[in-house]
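Encoded as structure tokens, the following chain is the form predicted alone, with no partner shown.
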Amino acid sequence: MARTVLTWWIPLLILQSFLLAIAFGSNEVEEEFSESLLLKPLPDRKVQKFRVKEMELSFTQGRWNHEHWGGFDSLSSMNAKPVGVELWAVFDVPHSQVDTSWKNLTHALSGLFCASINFLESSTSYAAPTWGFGRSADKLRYGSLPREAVCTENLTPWLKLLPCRDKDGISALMNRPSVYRGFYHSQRLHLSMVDSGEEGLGSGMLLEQSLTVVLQPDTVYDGKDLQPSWSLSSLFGRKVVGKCVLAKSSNVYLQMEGLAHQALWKNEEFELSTQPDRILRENSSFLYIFNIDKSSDSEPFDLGLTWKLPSKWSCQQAPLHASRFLMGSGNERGAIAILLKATESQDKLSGRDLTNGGRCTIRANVFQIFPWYVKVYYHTLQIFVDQQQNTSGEVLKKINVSPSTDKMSSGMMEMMLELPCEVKSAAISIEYDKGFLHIDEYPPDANQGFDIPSALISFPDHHASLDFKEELSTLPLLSKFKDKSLVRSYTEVLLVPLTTPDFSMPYNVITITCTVFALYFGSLLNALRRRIGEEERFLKSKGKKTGGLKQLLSRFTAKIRGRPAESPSSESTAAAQSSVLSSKLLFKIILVAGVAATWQYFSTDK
């Protein structure tokens, strides 16, 4: 995690050099040199423009496995994010300017991180939570893009915010192929205002960057039931050759859970390749601290762990494991359900509410956003506790609903549940209808379906932290993990299939209509541009060529009968043929016009 303090002013350095040459004669020259440095504080225009009090942006690929990777520790509570892009911000502006500041912020971040964050500017893509998100702020805006693909174009701007980028220090381990081949990776950027005296800093902005990656070591199975051994070079393909020259401290931490009393770096269970500089004891784990200040090109830092004996341990989980799914079939209506299951560590968790008449309860806040084309019927909300429907108000303590408006705003629901500690399972279901979109509102991959953002489940009575007895003020990362953070978890992203039209039909209609009109206007123009005189001469010449045999037979018959040969009138013949041709042409024109009128009548929507 990188922490950077941005002050409110940017120093403007003006270096002036004066060189004065004075000639006192033809052979002697005296040089005089002077320099000065002018410092002038300038206001930070971006901070004044957006007036952001606190902001967090995350790019995530993959879903955090709360069952196997933990859900009740500081790492998962702060760095486990939903799939895609998540952005929330608190503004220090009047209420009438919050939406405008949000839109400007999304456009600025979209250009900075090469992402489609500007799609969150629409009122149908963000919401204004009050208390269900975990932060009580009346000027809070929240938006999510589940389908946003995360690639190196998003990681490169994130690395450029670091003082040494990815050229030196621990950030040099951020090898792109190694990062993106993992099961899960999430890059997070958190920006907050710091008042004078807080955290030992002056007034300004505190920038925190964290990259969370879940990797699997590349090891060959040797027939033993051992965990795979690993090293930094095998995971990232690189070694640490030194710290960033601008960093105050550069440390590598290794947290081992499930160890009873083995605090040594060489023991009967495992062995570390490098001796740690410091070992800290936590309630259920040991933390090994390695200082990389002495590493160099000749002696790079490459931490490795080799297992000697099979070892099993489990990460501490949240009080309830949440999962969300769809119910129903067809393209007309359905239901959204959230299932909460008790975990194995439920009985070991502290912070339970015993003030409610001496009854042990677990409070859970549920925050969901529904797109406008998913028309939710909030009166159909049902709550089941241990497979029994609960109709009383003992479980549902508080609810806040914001209905959606077609093509204007998305829907939002915030619920506070109070469940008994001995609960085994709880379910929430709500019905919805599927809306219809205009043909211009469908995305290019409409047949894939439409996404509903992840729901957030938080437990206000439970906080995660690392309990160290030593003073950790000089270690920023451990100081952050020592602070209490709200236990929260995100559910799956739902994929809802909507009624999708046949996008090839407009093409077919256009081609058939153009063909009919081409035939109609082609025949009409042919009839208008045709010359009658040329047609008559053409018919005369044609009659001369084909009528020779007929005339010869008529003359031979007349001689036999003793009568003179009668020559047919050429004018009457040409007129008859011309009339026949005109009638055929007229019939074609009327036929084409009739077909066009019939097509226009049946193709027009009534």
Partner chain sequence: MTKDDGEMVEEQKKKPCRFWIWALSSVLFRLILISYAGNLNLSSRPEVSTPLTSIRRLAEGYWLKQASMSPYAGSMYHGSPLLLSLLGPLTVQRLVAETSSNDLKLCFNLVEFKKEDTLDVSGSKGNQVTSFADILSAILLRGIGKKLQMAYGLNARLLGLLKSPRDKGILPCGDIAALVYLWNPFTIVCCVGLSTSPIENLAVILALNGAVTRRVPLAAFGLVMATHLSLYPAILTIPVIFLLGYGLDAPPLKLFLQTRNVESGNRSSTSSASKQAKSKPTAQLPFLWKTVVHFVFWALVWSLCVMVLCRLSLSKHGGLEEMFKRTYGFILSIEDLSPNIGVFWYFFAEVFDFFRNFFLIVFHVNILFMLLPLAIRLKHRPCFLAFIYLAISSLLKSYPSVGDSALYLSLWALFVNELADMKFSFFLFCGYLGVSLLSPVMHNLWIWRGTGNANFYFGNAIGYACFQIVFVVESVSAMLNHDRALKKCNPNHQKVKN
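So that the term is clear: the rigid core is the largest set of C-alpha atoms that superpose within 1.5 Å between two forms. These numbers come from a predicted model, not from an experiment. Numbering follows the first chain given and starts at 1.
Below, we refer to the form predicted together with the partner chain, which is not included among the displayed structures.
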| query | finding |
| --- | --- |
| Partner contact for Phe521 in the model of the complex: the partner chain, 4.5 angstroms, heavy atom | yes |
| Partner contact for Phe384 in the model of the complex: the partner chain, 4.5 angstroms, heavy atom | yes |
| In the model of the complex, Pro310 touching the partner chain (heavy atom, 4.5 Å) | no |
| Ser122, heavy atom within 4.5 angstroms of the partner chain in the model of the complex | no |
| One residue of Asp445, Asp138, Glu332, Glu268 in contact with the partner chain, assessed in the model of the complex (non-hydrogen atom, 4.5 angstroms) | Glu332 |
| One residue of Pro506, Pro300, Gly304, Pro163 in contact with the partner chain, assessed in the model of the complex (non-hydrogen atom, 4.5 angstroms) | Pro506 |
| One stretch from 97 to 105, 269 to 277, 247 to 255, 427 to 435 that, in the model of the complex, holds residues within 4.5 Å of the partner chain by heavy atom | 427 to 435 |
| Heavy atom of each of Leu109, Ile170 and Asn291 within 4.5 Å of the partner chain in the model of the complex | no |
| Partner contacts for 87 to 101, taking the partner chain in the model of the complex and a 4.5 Å heavy atom cut-off | none |
| Met327 C-alpha shift between this form and the one not shown of 2 Å or more, rigid core reference | no |
| Yes/no, Gly522 Cα shift of 2 Å or more between this form and the one not shown with rigid core fixed | yes |
